[in-house]
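A lone chain, given as structure tokens: the form predicted on its own.
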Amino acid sequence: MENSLINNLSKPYKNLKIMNEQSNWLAACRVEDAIENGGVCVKHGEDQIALFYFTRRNEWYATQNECPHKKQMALSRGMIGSATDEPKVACPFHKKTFSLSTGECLSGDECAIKTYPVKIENGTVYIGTTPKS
């Protein structure tokens, strides 16, 4: 059962809809379907959003899925952790790290990633479709 769940979550979500056009919140998945301490790719139109469930911190984060270094859609497959108290994701290809809160590159480079608001309501995870940064 767990392997089929992981296989399904590692593929971009399709046919997701915004709950209503005024709120701009995208219903991404149910809380129980998320991978603990990891990420999944959520497809929204032509965009890919990386959604992370950082269970050790009991926090949710969303960022662009594209690593700005080599323009690869890979951040959702990166490892998450903390630098001091800053939640971060490391690109699985280049190991550049980015703040999950602000999008700032923590590896000293000038590049940054977009971050999106996340909220949980009635067991559903929603991603705000307007980036925070």
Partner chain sequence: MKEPQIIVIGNGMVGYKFCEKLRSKTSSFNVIVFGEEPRRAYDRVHLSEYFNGKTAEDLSLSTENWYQEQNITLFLNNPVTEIDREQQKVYTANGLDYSYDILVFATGSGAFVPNIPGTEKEGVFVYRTIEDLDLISSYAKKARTASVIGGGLLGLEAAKALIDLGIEKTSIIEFAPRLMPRQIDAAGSDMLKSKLTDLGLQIHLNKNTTSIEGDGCITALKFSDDTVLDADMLVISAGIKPRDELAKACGIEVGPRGGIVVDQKMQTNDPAVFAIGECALYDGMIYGLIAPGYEMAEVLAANLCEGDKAFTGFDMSTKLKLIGIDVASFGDNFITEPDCRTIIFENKHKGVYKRINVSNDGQYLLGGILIGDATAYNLLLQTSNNRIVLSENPEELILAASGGSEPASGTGITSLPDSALICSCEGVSKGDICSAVANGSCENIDEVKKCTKAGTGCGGCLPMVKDLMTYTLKSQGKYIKNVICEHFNYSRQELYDLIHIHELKSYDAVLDALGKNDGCEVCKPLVSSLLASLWNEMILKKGNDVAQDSNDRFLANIQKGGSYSVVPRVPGGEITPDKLIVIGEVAKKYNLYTKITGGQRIDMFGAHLNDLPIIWEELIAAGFESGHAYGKGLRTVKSCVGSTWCRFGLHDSVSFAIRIEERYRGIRAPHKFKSAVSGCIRECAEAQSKDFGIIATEKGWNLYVCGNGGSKPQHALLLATDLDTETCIKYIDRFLMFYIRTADPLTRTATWLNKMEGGIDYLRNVIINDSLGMATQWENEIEKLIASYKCEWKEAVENPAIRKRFSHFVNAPEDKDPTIEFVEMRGQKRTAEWKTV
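Quantities reported herein were computed from a predicted structural model and do not represent experimental measurements. Numbering follows the first chain given and starts at 1.
Although not depicted, the form predicted together with its partner chain is the subject of the following passage.
Heavy atom of residue 65 within 4.5 Å of its partner chain in the predicted complex: The answer is yes: residue 65 has a heavy atom within 4.5 Å of its partner chain.
query: Any chance residue 40 has a heavy atom within 4.5 Å of its partner chain in the predicted complex?
result: Yes.
query: Does residue 48 reach its partner chain in the predicted complex if we count a contact as any heavy atom within 4.5 Å?
result: Close contact exists here: in the predicted complex, residue 48 approaches its partner chain to within 4.5 Å, heavy atoms only.
field: residue 102: touches its partner chain in the predicted complex, heavy atom cutoff 4.5 angstroms
entry: Looking in the predicted complex, residue contacts with its partner chain do not include residue 102, since no heavy atom lies within 4.5 Å.
field: Heavy atom contacts to its partner chain in the predicted complex at 4.5 Å, residues of 73-88 in sequence order
entry: The stretch 73-88, when checked against its partner chain in the predicted complex, contributes 73, 76, 77, 78, 79, 80, 81, 82, 83, 84, 88 at the 4.5 Å heavy-atom cut-off.
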